[in-house]
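Single chain ahead, written as structure tokens, the form predicted on its own.
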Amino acid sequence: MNEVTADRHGIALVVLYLLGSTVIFGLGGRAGTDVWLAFLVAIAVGFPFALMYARIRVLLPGEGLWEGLKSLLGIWPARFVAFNYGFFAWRLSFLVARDFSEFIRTVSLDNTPQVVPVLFSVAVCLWAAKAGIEVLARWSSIFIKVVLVLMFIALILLAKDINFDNFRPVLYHGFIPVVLGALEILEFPLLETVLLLWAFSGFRTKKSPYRIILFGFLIAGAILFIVTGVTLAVIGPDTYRGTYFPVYVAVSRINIAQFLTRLEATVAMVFLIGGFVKVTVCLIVASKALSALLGFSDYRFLVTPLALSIMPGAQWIHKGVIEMNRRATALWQPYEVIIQVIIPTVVWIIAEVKMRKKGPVFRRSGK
């Protein structure tokens, strides 16, 4: 089944996917007071990669992504690519599900067994993944409005607590911490955009991948930049680096005349919506990759076993909240570099070379 995603629905999906579990972590903490600058560098460096991802989706021949890879690379190289992205998406679903359960246990239900929040999240994501990427994109176009309203209200109420001295001194420790912070942000979450390349099935026009991926990337980057900047200005660089969930800490400081308080639930709501979208996208990508490896035309019957595997996988992937935070704020690991940079670059170069050789025939097959 070739699901066609409308541009505005796809953009909403990209935004919620990139927000995902990201919004609760203190990304770029290595940059200290220059976290905002690290975000700008990461967005500037990540944009060409997002453009490359969109370009690959436009260039691949055939109606389906995996069929296009077979035509472009051959059956075994295409299976190699499918295996790597399927495994990456499967593993990422473990990480996000565990982030969800650790967040719930840390901030509220500390006596709740890990398996309980993971079980409920997996059940919902299983239903959504079976419904397909088009339905998920339509859902995202509705709930992104909820996310934006909640974030806008929280940021407005935090305005009185903003201290711009927390941004100074600029580049006190030089540019190296900014570079390290930018690399951290690129690995998680900006270049995880690559999975969306494999999630979408069909588009309205040939320019739709550019609109969906690039606009979604920039909007999500701008939201994260604003949220991080306000958080840093409210709680300061030391607290930003020293807490597991700095955005949650910042929002907990909202106190309007002893009446409007305890608005941390807004952060939890944004995290729940974004995490739901991210896990569902990971399930869809992993299922599509496995179906391509096994030679099946439909991926939906593989969603259930992969979703059920998240429950033991989420228990295994982390030992606790300390390791969770360390993984979330780690620099680029070799495997992430291969998935996010090397394989897409090789596929893009091959596609560009073959397009130039085959000319209009290749272009028509990619419609």
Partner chain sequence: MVILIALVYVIVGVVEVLLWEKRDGNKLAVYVVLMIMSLVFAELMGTGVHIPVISPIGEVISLVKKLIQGGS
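Numbering follows the first chain given and starts at 1. Note that the structure is a prediction, hence the values are computed from the model and not measured.
Missing here is the form predicted in complex with the partner chain; even so, the following discussion is about that form.
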| item | value |
| --- | --- |
| Close approach of residue 156 to the partner chain in the model of the complex, 4.5 Å, heavy atom | no |
| Proximity of residue 73 to the partner chain in the model of the complex, heavy atoms at 4.5 Å | no |
| Contact flag, residue 84 vs the partner chain in the model of the complex, heavy atom cut 4.5 Å | yes |
| Non-hydrogen atom contact residue 123 with the partner chain in the model of the complex at 4.5 angstroms | no |
| Location of the partner chain contact in the model of the complex, chosen stretch of 65-73, 26-34, 46-54, 296-304 [non-hydrogen atom, 4.5 Å] | 296-304 |
| One residue of 188, 203, 245, 94 in contact with the partner chain, assessed in the model of the complex (non-hydrogen atom, 4.5 angstroms) | 94 |
| Single option in 211, 173, 105, 130 placed near the partner chain in the model of the complex, where near means a heavy atom within 4.5 Å | 130 |
